[in-house]
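First comes one chain, alone, set out as structure tokens in the form predicted on its own.
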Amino acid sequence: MTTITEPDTHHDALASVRRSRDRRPSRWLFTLLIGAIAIAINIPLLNAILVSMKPDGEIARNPIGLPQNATLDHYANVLYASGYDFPKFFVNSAAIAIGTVILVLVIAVPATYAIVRLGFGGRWIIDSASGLRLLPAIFFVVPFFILFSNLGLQDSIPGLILANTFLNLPLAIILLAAGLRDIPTEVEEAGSVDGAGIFRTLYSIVLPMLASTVVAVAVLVFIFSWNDYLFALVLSSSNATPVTLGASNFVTSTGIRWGDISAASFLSTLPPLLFAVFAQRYLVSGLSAGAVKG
């Protein structure tokens, strides 16, 4: 006679608990390691915050460490001091970053759809975009300076928008192409059967399914455009000065005002930081598009 034994569920539960306990030390170690790396990476930002709250004399005596006599004078200088128009610099940065995001998405979304789904140009366009993104930005500075000087776009917000669009467009195409390949073509075929044309298929069917990748592209383009310093240094002088370049106004002939520079730097990091935090969920899902194939 054959005896059928029931699985020992109690033994399996105990084994599962033991395995979970065995993994706990490694998880704690991994968490501590990631925390240490995060702190090390953010040391410059943390030190800038501390320096921005120290009086000038204390900065000279103790540039590293907690402030003994905390003050907000440096923030008052940044926001209200004569000769430093921080609100204008802030508006310029916002206009440049938002304008670049809009222009990049307007160009990249239909261009990527034409490349990936309609076969326009072939695979070499994606490869060329990847290679173009690897080139250093300084490679394009002199040609842009000559071109914009002749076109009357020097020291203008539209000029900086065009320059940042050129720099960030390859990244947008690469990310959107990866996200688009994750969308099954059967969905688009069903829309075409119902009478949807190419543009309606793109904007009514594909674009909502590509929303997380689009948001990720928008966040990255916004951050890169906001943080741009090289193009702003070469292509602007006064009218289109962003906050990244405006902080250099505190380097004067009489010395470097480290407290004011730190306050300006910290204030300039808040918009992209908050933008990235609120869009973190879309940023992670958008950047992971195309990474895993089932």
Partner chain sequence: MLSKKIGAIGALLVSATMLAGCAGGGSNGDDGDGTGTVKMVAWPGPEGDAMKKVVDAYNAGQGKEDDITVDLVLLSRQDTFSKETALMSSKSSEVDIYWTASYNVGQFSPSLEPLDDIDTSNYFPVATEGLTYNDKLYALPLDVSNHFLLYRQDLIDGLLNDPAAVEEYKAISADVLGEEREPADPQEWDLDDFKAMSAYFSTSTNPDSPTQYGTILQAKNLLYNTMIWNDVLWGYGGNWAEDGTATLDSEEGKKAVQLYADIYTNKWTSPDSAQAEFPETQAALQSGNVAFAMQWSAAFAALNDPEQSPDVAGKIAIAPVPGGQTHVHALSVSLNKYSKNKAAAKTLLSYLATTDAMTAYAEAGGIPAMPDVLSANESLNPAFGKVSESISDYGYSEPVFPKTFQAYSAIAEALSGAWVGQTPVDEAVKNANESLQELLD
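In this text, rigid core is short for the largest set of C-alphas that superpose within 1.5 Å between two forms. Positions refer to the first chain, counted from 1. Since we're looking at a predicted model, the values are computed, not measured.
This next part talks about the form predicted in complex with its partner chain, which is not shown.
> Of these, Leu72, Ile146, Val91, Leu207, which has a heavy atom no more than 4.5 Å from its partner chain in the predicted bound form?
Selected option: Ile146.
> Though only this chain appears here, would Thr201 touch its partner chain in the predicted bound form if you measure heavy atom gaps against 4.5 Å?
Contact with its partner chain, no.
> According to a 4.5 angstroms non-hydrogen atom cut-off, is Val142 in contact with its partner chain in the predicted bound form?
The answer is yes: Val142 has a heavy atom within 4.5 Å of its partner chain.
> Does at least one non-hydrogen atom of Val251 fall within 4.5 angstroms of its partner chain in the predicted bound form?
It does: once its partner chain is placed as it appears in the predicted bound form, Val251 has a heavy atom within 4.5 Å of it.
> Might Gln68 be said to contact its partner chain in the predicted bound form, defining contact as any heavy atom within 4.5 Å?
Residue-level check for Gln68: no, no contact with its partner chain.
> Heavy atom within 4.5 Å of its partner chain in the predicted bound form: which residues of 155 to 171 meet that condition, in order?
If the 4.5 Å heavy-atom criterion is applied to its partner chain in the predicted bound form, 155 to 171 yields only Asp155.
> Examine Phe250 after superposing the rigid core and state whether its CA is displaced by 2 Å or more between the shown form and the other one.
The answer is yes, as the C-alpha of Phe250 shifts between the shown form and the other one by 2 Å or more after core alignment.
> Rigid core fitted, then: does Asn239 show a CA shift of 2 angstroms or greater between the shown form and the other one?
After core superposition, the displacement of the Asn239 C-alpha between the shown form and the other one stays below 2 Å, so no.
> Do you see a C-alpha shift of 2 Å or more at Leu230 between the shown form and the other one, with the core held fixed?
For Leu230, whose C-alpha is compared between the shown form and the other one after core superposition, the shift is less than 2 Å.
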